[in-house]
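This document starts with one chain, in the form predicted alone, laid out as structure tokens.
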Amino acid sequence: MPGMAGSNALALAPDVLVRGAGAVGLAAALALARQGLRVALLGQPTAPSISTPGSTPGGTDIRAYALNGASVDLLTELKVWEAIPAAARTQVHEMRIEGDDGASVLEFSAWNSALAELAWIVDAAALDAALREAVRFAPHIERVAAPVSASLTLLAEGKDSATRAALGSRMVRRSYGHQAIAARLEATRPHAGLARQWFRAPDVLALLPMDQPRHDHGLALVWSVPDERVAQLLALTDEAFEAELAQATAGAAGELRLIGARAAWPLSIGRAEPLHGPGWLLLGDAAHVVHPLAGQGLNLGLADVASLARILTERESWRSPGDVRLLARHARARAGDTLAMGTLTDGLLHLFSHPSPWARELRNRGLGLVNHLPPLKRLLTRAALGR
């Protein structure tokens, strides 16, 4: 059974058991509790460890989330967005993507699309803290130390969920043979709300604007490199690593200085099957994993939450939250977006990492072509916003 009675069973049986206290699990608990559903939350927040993706050997979480408009709308509705410190959320007004010929460029601008911003870059630790605080004061949510029986069990335990396997769902995952190196940087030039990304086969390097630790001069680094180079880059002194960054970015963002340690984690693409069963449903990375080059991982998870909350709000009065027809509705509603994002990021990565001359010519010509088609750029921008 998805939920089993524990010694700390609630006085009233919960409607929903959420397994997982990461960003997606916390958001799901908040969203469903707002409907008056009784929610049991299993999974205590713990300090990040060296084995936690995005955490340094000292246990510091250096992840940064790129959140689209739909994710911000959900967090605003949950009364979480404004609780995040202003310095921990930075607007992206422009994006510049460069190919590996040194000349091909694709640029996006919020101003040209009549938008306030293209995205927000958010400190992961600050978002998680705001979600935990909201849960602490939310009615209808109770933390539990062991599984309890519920009409619906939501699995938001991440890509390595053990409960998923126990329920007979299998994550079919393919490794990219790459790892993401993350770090926080300070630049001599102000970022001015500009996100930069370089495709230098086989690497993908992104510098994301962050107002931490210094307003308008902070950056979050996400650098996808082949497995065989990871240990070498992590072993470099700070000065040598900064020199590698200077070469990779050609100094476009100014001189870059490391703030703290570096972290790395393996990259893969995967999708679980089945996504739901009688009384249980997978959410977030437990359901699907994509490459971070488009920054859509958490956005997909929060979109899962928004979809489920909408379907449960609209459900027939005689259906319980765990009704298999409701879960099937959610799965159908999310299938297109998750498949499209996985296919897009996978295709882009293979195109931009392929060493052959024809692939190099195709990708660089493609960047230049799209850059000269404003209607297509506006369409891509709106799609990325999730609205």
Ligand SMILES: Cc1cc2nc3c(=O)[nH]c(=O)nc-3n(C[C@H](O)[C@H](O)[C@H](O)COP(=O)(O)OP(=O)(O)OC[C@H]3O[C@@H](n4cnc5c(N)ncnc54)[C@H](O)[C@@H]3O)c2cc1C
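The model shown is predicted, which means the values in this text are computed figures rather than measured ones. When you see a residue number, it is the position in the sequence shown, counting from 1.
Note that the form predicted together with this ligand isn't included here; everything after this is about it.
> Looking at this ligand in the predicted complex, is some heavy atom of each of Leu152, Gly322 and Leu327 within 4.5 Å of it?
Not a single residue of the candidate spot has a heavy atom within 4.5 Å of this ligand in the predicted complex.
> Can you work out which of Pro202, Gly277, Gly270, Pro292 has a heavy atom no more than 4.5 Å from this ligand in the predicted complex?
Here the answer is residue option Pro292.
> Using a 4.5 Å heavy atom cut-off, which of 64-72, 328-336, 28-36, 314-322 contacts this ligand in the predicted complex?
Selected stretch: 64-72.
> Looking in the predicted complex, any heavy atom of Tyr176 within 4.5 Å of this ligand?
It does not: once this ligand is placed as it appears in the predicted complex, Tyr176 has no heavy atom within 4.5 Å of it.
> Report yes if any heavy atom of Thr163 sits within 4.5 Å of a heavy atom of this ligand in the predicted complex; otherwise report no.
Judged by the heavy-atom cut-off of 4.5 Å, Thr163 is in contact with this ligand in the predicted complex.
> Would Pro14 count as touching this ligand in the predicted complex under a 4.5 Å heavy atom rule?
Pro14: no contact with this ligand in the predicted complex.
> Does at least one non-hydrogen atom of Gly99 fall within 4.5 angstroms of this ligand in the predicted complex?
Close contact is absent here: in the predicted complex, Gly99 is far from this ligand, nothing within 4.5 Å, heavy atoms only.
> Counting only heavy atoms, which residues in 178-195 are within 4.5 Å of this ligand in the predicted complex?
The stretch 178-195, when checked against this ligand in the predicted complex, contributes only Ala180 at the 4.5 Å heavy-atom cut-off.
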